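Next up: just one chain, as structure tokens, the form predicted alone.
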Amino acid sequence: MGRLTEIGGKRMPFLRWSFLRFMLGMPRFLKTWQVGDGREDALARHVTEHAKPGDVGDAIRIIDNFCYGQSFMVNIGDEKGALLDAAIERCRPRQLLELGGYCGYSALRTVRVMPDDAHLYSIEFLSANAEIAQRILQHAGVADRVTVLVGSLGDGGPTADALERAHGFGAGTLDFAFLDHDKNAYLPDLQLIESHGWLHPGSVVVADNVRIPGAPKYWTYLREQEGRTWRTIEHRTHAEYQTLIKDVVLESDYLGQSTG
């Protein structure tokens, strides 16, 4: 007999109380980036209590199990996470940027597949989430490969300045970026990255949740720039930890500044 959260082999998030709590807490989440019921702290405790220390793969497994069995969470999840893994493996980046670190799940996936000499810079708006991510990364033994920064590229300059001044960001240095933060910030943040000249031909940008909750301006921009500044693959997939609600992940290769 299937789980009560499944019908006809499809995982139904609305049959899970943790999903309903998440939906009720959505207004708060969009302001504070925590659901408000303590699930983010609970995740960190669960990982440190149950995942093997120093084992990235086990930390990822434990988080996925927690998100399926205990509390629905908005990290990229296992299905879309495989798309992120494949993009990083294809790109073989050395300098990586993540916008929206949340609790560190995508950082774990990134570290697991990025080259040994690569480094990830993860920007998280909420300091409480950044602390949770740091705890989880430390437990998994990869904190030295990820720099977690509290801030936002849309803060008027301090975060971007810190990346350039203290972390070596400059002309053509950025090989890979992952966008999974405020969906309204996807386009302005991408354009800020472009304007700073951090990208080079062959840089890759992956964006989650382009359909749900949706980043229509970002999606339109990349379609308009197709074959000029960007070349994009649209991955049709599902939203986190279920197989009912459809989502889109965009994987975009930077071609360089258009001359036309």
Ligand SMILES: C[S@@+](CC[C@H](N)C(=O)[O-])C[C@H]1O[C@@H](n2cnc3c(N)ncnc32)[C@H](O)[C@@H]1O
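Nothing here was measured: the structure is a model prediction, and the numbers come from that model. Numbering starts at 1 and runs along the sequence shown.
One more form of this protein exists, namely the form predicted together with this ligand; it is left out here, but the text below deals with it.
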Out of 118, 74, 148, 83, which one falls within 4.5 Å of this ligand in the predicted bound form, going by heavy atoms?
74
Ok, 126, 171, 162, 113: which has a heavy atom sitting within 4.5 Å of this ligand in the predicted bound form?
126
Within 4.5 Å of this ligand in the predicted bound form, all of 105, 152 and 181 (non-hydrogen atom)
yes
Answer yes if any heavy atom of residue 98 is within 4.5 Å of a heavy atom of this ligand in the predicted bound form; otherwise answer no.
yes
Which one of these stretches, 89 to 97, 75 to 83, 162 to 170, 134 to 142, sits within 4.5 Å of this ligand in the predicted bound form when only heavy atoms are counted?
75 to 83
